[in-house]
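Shown here is one chain on its own, the form predicted on its own, set out as structure tokens.
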């Protein structure tokens, strides 16, 4: 019984982090209507930013969160205005190629700057901390990542649904031309969406860097998983991405514990295929 509860708790902690990563992706898609295939590389960039802040300047990963958020947020804005915005005048295929090319470019830059070795952050405050309740163990880094991700995800939801700027983002996502007629600059809203998506991903990256090594290909798993979560929840639905992230977190942990961890991705993509067959709009997406 304790193993079952421990696996459930681990799924909750993983799902919280995946939710923040996926929400960043769904904000970009919901407003700009473009799937950012480089989203996993945004996570990688944030983890490297955290690693540099820690190894070169002595920042703890928790204190490096604003640095990582700023770096990845800036990358998001520059990516939109430099690559994505010109591609929006072209075909859907050209837009896909742009973000896919950005993914390859960022991975190459990381390998050039840092090499292909795995890098870990040493001496993090929470590395030796844990909370034990009976037989249930919650390591400090994973617990902090879960709590921090939930807080950040809630803040993003509040900003989008409760503020004037957030309502402008929603208006732009529904009809950019009508939003322009109401005095809303769609390009500014598009850039803001990429800023929010990048900054939230940077926060998640700093939290993950507490307990996971960084290397140029670390974003691959995050990018694929985030894409599956957004599709499961419904493209553009923050609530759907939030629920789907916990479903994926649970499925990944239970499949790894009760089966073979090498095949945990099979169960996730199997769920993805089932949802696409029977509810292609996702859990909370619009038909």
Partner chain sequence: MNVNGLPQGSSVWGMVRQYLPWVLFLGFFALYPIVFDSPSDHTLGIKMMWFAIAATGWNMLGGFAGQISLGHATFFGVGAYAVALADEYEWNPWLAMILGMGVAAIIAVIIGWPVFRLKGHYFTIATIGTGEIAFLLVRNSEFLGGTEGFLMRSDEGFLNFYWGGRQKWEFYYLGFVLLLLAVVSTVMISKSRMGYYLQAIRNNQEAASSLGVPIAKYKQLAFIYSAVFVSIAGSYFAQQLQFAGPDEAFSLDTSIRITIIAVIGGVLSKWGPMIGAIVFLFLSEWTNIRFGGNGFDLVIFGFIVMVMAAFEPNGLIGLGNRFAHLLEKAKS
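If you're wondering where the values come from, they're calculated on a predicted model, not measured in any experiment. Positions refer to the first chain, counted from 1.
From this point on, the text means the form predicted together with its partner chain, which you will not see here.
The candidate stretches are 84 to 92, 160 to 168, 194 to 202, 143 to 151, and the one lying within 4.5 Å of its partner chain in the predicted complex by heavy atoms is 84 to 92. This chain appears without its partner; in the predicted complex, the one residue of 109, 178, 155, 74 with a heavy atom within 4.5 Å of its partner chain is 109. In the predicted complex, its partner chain stays beyond 4.5 Å of every heavy atom belonging to residue 12. When its partner chain is considered in the predicted complex, residue 35 lines it closely, a heavy atom lying within 4.5 Å. For residue 224, a non-hydrogen atom is located within 4.5 Å of its partner chain in the predicted complex, even though that partner is not displayed. By the criterion of a heavy atom within 4.5 Å, residue 125 is excluded from the residues contacting its partner chain in the predicted complex. Along 97 to 127, these residues reach a heavy atom to within 4.5 Å of its partner chain in the predicted complex: 97, 98, 100, 101, 102, 103, 104, 105, 107, 108, 109, 111, 112.
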